[in-house]
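Just one chain is shown here, as structure tokens, and it is the form predicted on its own.
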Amino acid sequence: MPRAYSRREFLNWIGAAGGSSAVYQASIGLGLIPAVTLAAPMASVTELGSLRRSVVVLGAGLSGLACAYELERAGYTCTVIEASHRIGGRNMTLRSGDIVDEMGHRQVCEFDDHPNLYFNAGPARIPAHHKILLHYCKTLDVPLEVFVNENRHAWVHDSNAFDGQPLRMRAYIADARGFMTELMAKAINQRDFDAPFTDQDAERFFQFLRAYGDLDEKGIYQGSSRAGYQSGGMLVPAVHKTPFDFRKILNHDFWRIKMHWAEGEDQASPMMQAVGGNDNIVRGFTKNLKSPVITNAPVQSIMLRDKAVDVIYNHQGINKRINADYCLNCIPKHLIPGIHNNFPADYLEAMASVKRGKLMKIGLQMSERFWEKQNIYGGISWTDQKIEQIWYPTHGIHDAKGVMLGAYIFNDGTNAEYARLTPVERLATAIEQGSKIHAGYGKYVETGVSVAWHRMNYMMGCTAQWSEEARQRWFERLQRPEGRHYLMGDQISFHAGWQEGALSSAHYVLDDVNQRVQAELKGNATNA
């Protein structure tokens, strides 16, 4: 008796073969996915009128700036304290003359002084569904442009497949989909699938497979224009490229995650970036702030009081004290236990339970935009080497020069290894590995800069790494205020590493502070 496959099993089978895109398309075809629109809440802070409340914000990252911006407009007295020489936290764009304040490896960016020669060393992409961030970009008049995140003309490289030669992404994906759907087309005609599907279902799904994999009328994959032409296509007939050997495709690492990576929730097109560098989002806030933002001011002490918070910070060699009704703190939580405080033990234990992320980016100024001669305009090439990714700038198309991202390293072990290298050694390694993708790569490199986020002073880490156990035990504890002290930022969100996570956390804090102040004012009015 033929086995009856459930739709759930069927979609799991498709996912194993074709990834998230295949599951998504098949689910729509089976009527299993409704259209869903998610709305992000915006903070609403009630104006104080003639009343006064003070807030000290620790850290001039995006969450701190957003809180100061909203509270100031509502009549709060705000002071922002920042330990670093610069404002923006991990939102950092490097240009000519900028300082990379890495512990033990202080660097000065030596890019040419040109508006298009910059490098987003921190956040570089804005997904279309990050509504709070997009709200601020619109409100603060920060112009945006499209960011090319995936480019099928870019390269995929695996040292252990195809003799280590890079392949065009479009050719790899077209052939992988073609062979995969050919197998599915053959399987769907077998008796095992007759029970759960009607003849009409089977025919419709077969046509779906043909369209998805560009199969011929017999359900056979013989190549596709999606892979690019071998020759012709303009003045003479096009000749399809000879498909890759399917066994070699499966031996290539690209299909496991990277092939479907741009279909993820935060990677899907279209994406955006701020025109001229993502730190223009930071400038959008600072241009609209009247509150003081004090830089080069490391916090020395945070002390909870009955109805206030005392903060001591050092500025120009002098310790200064500020007393505020509320303290909003986006200092990286792994650094806070090292600051003198009177927090309860479980609060400090919760902070220490979350690991600090280790990420590194390397930016390379190229004397020539050679990638555009290869029909690459923006996007990312992938490699199994330690540099992991190469990015091509979306902006400055057809300029004489450009700044590429020569490495984006996610692996903690590799980051620790690269952090021990000097900046010169890091660039040399990035050039050596980039040459496996682009012949003659090194001859174009004029200068470069590297940012090891877990060694950056006053950061000493990047994306917070919550284990499932730590999140279940401690997330709500850290999200709740301790007295009148609030911990915030992307580190206290389910979207660590993204600006939207930082802003969502900030709005959560703003709503809570607003509710407390309004309840307090209402109580005072009642008692009067």
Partner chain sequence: MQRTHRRASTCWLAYLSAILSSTASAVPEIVAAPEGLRQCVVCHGVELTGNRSVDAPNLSVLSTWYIERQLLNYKRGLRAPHGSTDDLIGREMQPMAAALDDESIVSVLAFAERVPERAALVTMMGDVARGAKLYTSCAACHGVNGEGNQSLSAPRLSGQSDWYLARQLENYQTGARGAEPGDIWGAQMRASVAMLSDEDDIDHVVSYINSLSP
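Numbering follows the first chain given and starts at 1. Predicted model, so just to flag it, every value in this text is computed and none were measured.
What comes next is about the form predicted in complex with its partner chain, which does not appear here.
Does any part of Ile376 reach within 4.5 Å of its partner chain in the predicted complex? Heavy atoms only, please.
No, Ile376 sits far enough from its partner chain in the predicted complex that none of its heavy atoms falls within 4.5 Å.
Even though its partner chain is not shown here, does Gln316 get within 4.5 Å of it in the predicted complex, heavy atoms only?
Yes - in the predicted complex, heavy atoms of Gln316 and its partner chain come within 4.5 Å of each other.
Does any part of Gly233 reach within 4.5 Å of its partner chain in the predicted complex? Heavy atoms only, please.
No, Gly233 stays farther than 4.5 Å from its partner chain in the predicted complex.
Is Gly357 near its partner chain? Define near as a heavy atom within 4.5 Å, in the predicted complex.
Flag for Gly357 set to no.
Would its partner chain in the predicted complex be within 4.5 angstroms of a non-hydrogen atom of every residue among His105, Ile294 and Leu421?
Looking in the predicted complex, the three residues His105, Ile294 and Leu421 all sit within 4.5 Å of its partner chain (heavy atoms).
Scan Lys241, Arg73, Lys386, Arg204 and let me know which has any heavy atom within 4.5 Å of its partner chain in the predicted complex.
Of the listed residues, the single hit is Arg73.
Have a look at Pro298, Gly396, Gly442, Gly276 for me and say which one sits with a heavy atom within 4.5 Å of its partner chain in the predicted complex.
Selected option: Pro298.
Where does its partner chain sit in the predicted complex: which of 255-263, 77-85, 116-124, 92-100, heavy atoms within 4.5 Å?
Only one stretch passes the 4.5 Å heavy-atom test: 77-85.
Could you list which residues of 337-375 come within 4.5 Å of its partner chain in the predicted complex, counting heavy atoms only?
Those in contact are Pro337, Gly338, Ile339, His340, Ala352, Arg356.
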